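We begin with a single chain expressed as structure tokens, specifically the form predicted on its own.
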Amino acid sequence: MILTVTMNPSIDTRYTLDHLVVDDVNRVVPAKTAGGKGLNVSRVLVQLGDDVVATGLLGGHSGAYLGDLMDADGITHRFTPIAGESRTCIALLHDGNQTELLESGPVVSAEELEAFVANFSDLVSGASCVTLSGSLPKGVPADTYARLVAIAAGAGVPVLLDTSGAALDAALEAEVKPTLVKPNLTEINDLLGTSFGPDDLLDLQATLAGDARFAGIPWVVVSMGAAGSVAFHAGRVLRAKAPRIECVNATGSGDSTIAGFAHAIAAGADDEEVLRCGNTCGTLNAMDPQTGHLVLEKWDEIHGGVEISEL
């Protein structure tokens, strides 16, 4: 079983219109999804045929509706209930642009957080892999992901961490490290105080090797947009490039990539297949108008077209 964690889920609502008229009425038809990065991961893993359980925090009528949306997606879920109302996030697709209105979400009490940690500890004992994705809601300390990593490590379960800011900083500073982190090139440069580009990957490897925060992390995968991604793993530098496609909707591609990594790592795949599977999922998501959803009929074409090279 792969366990996915979404601490700040949302009802993702998409409105598509040709032209947004400001200060006037715009009539739209909503498309609603169980959102949050971890739930995007969950949807992709369900498509891949994995046994998945989603967990995190859900509250109020919005939380109940999120449960219904997960049921409709075939996602098994065991979230911890909280008093606050789960958030709604709105994306307006208009005039070739995407304008987002994002609620910050509920405030979580210390007691609610401890109830979640107990639930997580119970679930992780039966997991083959864990993904921790996205932001932390208000009231949840920045070191919470680091705490969950330590619990999973104690159970011998690999953890894939996809977050940023203070939560990522705390996880990197912690004694027990995640199995995989996936910053983008801008984020890794910010962390290192560098300005490396896609042509400086061996220099980036040397800098990472000298930074104690990354010692003990088996997989550091850096996404580089159109330039593909690079993985630093077991002393190797593996560059991945997916085939060029017509991008329909890139939202959720990073989450789909994490799902591909989790799918492959849980299956005991070799290094190249871990990268190939992750990049295939990220690319297939970008070809689909739905977020956290793959054009599976193109799997063989894209999977076979992902180029892996060692630097």
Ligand code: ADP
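Start at 1 with the first residue shown and count on from there. Note that the structure is predicted; figures quoted are calculated from it, not measured.
The discussion below concerns the form predicted together with adenosine-5'-diphosphate (ADP), not included here.
Novice: Examine L123 and determine whether its closest non-hydrogen atom to adenosine-5'-diphosphate (ADP) in the predicted complex is within 4.5 angstroms.
Specialist: No.
Novice: A242: heavy atom within 4.5 Å of adenosine-5'-diphosphate (ADP) in the predicted complex?
Specialist: Taking the distances in the predicted complex, the answer for A242 is yes, it comes within 4.5 Å of adenosine-5'-diphosphate (ADP).
Novice: Could you confirm whether T257 comes within 4.5 Å of adenosine-5'-diphosphate (ADP) in the predicted complex, counting heavy atoms only?
Specialist: Close contact exists here: in the predicted complex, T257 approaches adenosine-5'-diphosphate (ADP) to within 4.5 Å, heavy atoms only.
Novice: Quick one: does M70 come within 4.5 Å of adenosine-5'-diphosphate (ADP) in the predicted complex, counting heavy atoms only?
Specialist: M70: no contact with adenosine-5'-diphosphate (ADP) in the predicted complex.
Novice: Based on heavy atom distances of 4.5 Å or less, which listed stretch (220-228, 170-178, 93-101, 131-139) is in contact with adenosine-5'-diphosphate (ADP) in the predicted complex?
Specialist: Contact criterion met by 220-228 only.
Novice: Looking in the predicted complex, is adenosine-5'-diphosphate (ADP) within 4.5 Å of a heavy atom from each of L113, S164 and A166?
Specialist: Answer is no for this spot.
Novice: Could you spot which one of A266, L48, A286, V53 gets a heavy atom to within 4.5 Å of adenosine-5'-diphosphate (ADP) in the predicted complex?
Specialist: None of the others qualify; the residue that does is A286.
Novice: So which of A64, A250, V28, A31 gets a non-hydrogen atom within 4.5 Å of adenosine-5'-diphosphate (ADP) in the predicted complex?
Specialist: Residue within 4.5 Å of the partner: A250.
Novice: Suppose contact means any heavy atom within 4.5 Å; which members of 263-285 contact adenosine-5'-diphosphate (ADP) in the predicted complex?
Specialist: The stretch 263-285, when checked against adenosine-5'-diphosphate (ADP) in the predicted complex, contributes N279, G282, T283 at the 4.5 Å heavy-atom cut-off.
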